[in-house]
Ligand SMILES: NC(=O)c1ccc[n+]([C@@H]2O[C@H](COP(=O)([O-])OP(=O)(O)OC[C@H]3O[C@@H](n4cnc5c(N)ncnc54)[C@H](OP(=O)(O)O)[C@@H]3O)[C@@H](O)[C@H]2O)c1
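Only one chain is shown below, in structure tokens, and it's the form predicted on its own.
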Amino acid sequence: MTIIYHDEHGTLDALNGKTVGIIGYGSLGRPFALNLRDNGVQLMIGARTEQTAQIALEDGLSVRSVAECVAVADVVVLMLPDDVMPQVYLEQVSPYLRRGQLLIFGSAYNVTYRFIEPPPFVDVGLIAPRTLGQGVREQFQNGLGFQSFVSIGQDATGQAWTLLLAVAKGMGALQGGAIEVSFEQEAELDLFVQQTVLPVLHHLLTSAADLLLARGYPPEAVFTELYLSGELSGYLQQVASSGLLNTLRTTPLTNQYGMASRLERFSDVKLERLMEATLKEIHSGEYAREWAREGQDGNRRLNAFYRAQDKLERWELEQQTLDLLGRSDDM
């Protein structure tokens, strides 16, 4: 039976006298650190750049180099992008690890596919939020917390779970429920959504936009109706709270009938087979090897994708709509 941990399963007392080192002060590292700080946890930031070091100092946190942070901290939390983490780990983390430390990852990717292999004398854990960094901070501040996946991949001390749940509690990762999964399950579920649900949604929205634009509907109305209004995201937010079927039942009857009567029309055996094939690539490690080759090749395929997209009129029309709506383009 799946275990879901809540606030009562963790105690901050387990962190008394211990220092938590956050490696990386970006989109996830910063909100995690600020949440821990607000809960009174003794913190240290291992900054990779002068810019992030300055931000951490302005937030009132102690800052060291990555190596110094790893050497001093009792708990080392790696909050770096998956593509840069192996090199940083090899050069600035691994040489300074000591017996009995807890090494926590925010993503199971590198451990699952063996781009990082922690030594046998440290505990290895996972705290993977199921929201973006902004949500980590905002949902902590509003008292709701956020959902997360947690795991212990290696328990060298016999106390890994106690310390991991203490850190998770300090981060706010237990308030919304922390689901215990394996490292492999977290990595594979994350990749599966990225490579099936999001591409299908992207294709669906762009195909719908192209069809409506070709039929003469105003671009401003098309993009607003499809996604810029926030109606779609609002629906999905309600789904996150109540589930798919319960949310459908709250919509007007014409919506409910439209869904029920047209759902089978879009059922596609080919799509199901493609999802199965994608999951197989993920599980076997084929995708991880492909992504490693892409990085070695300077992201050639990814860059080619963006060059092709930049030539499409659709995105010019979308930007015009954003400008007319007064939306900023500062991402």
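The shown structure was predicted, so the numbers you read here are calculated from the model rather than taken from an experiment. Residue positions are given as counts along the sequence shown, with the first one as 1.
Missing here is the form predicted in complex with this ligand; even so, the following discussion is about that form.
Taken together, G21, L61 and V72 are entirely out of contact with this ligand in the model of the complex: none brings a heavy atom within 4.5 Å. Contact annotation: V150 falls outside 4.5 Å of this ligand in the model of the complex, judged by heavy atom distances.
Looking at T52, you'd find a heavy atom of it within 4.5 angstroms of this ligand in the model of the complex. Put simply, P81 is close to this ligand in the model of the complex: some heavy atom of it is within 4.5 Å.
Proximity of L132 to this ligand in the model of the complex: non-hydrogen atoms within 4.5 Å are present.
Heavy atoms within 4.5 Å of this ligand in the model of the complex map, among the stretches 22 to 30, 276 to 284, 258 to 266, 297 to 305, onto 22 to 30 alone. Listed residues V124, M85, V93, L174 were compared with this ligand in the model of the complex; M85 is the one with a heavy atom within 4.5 Å.
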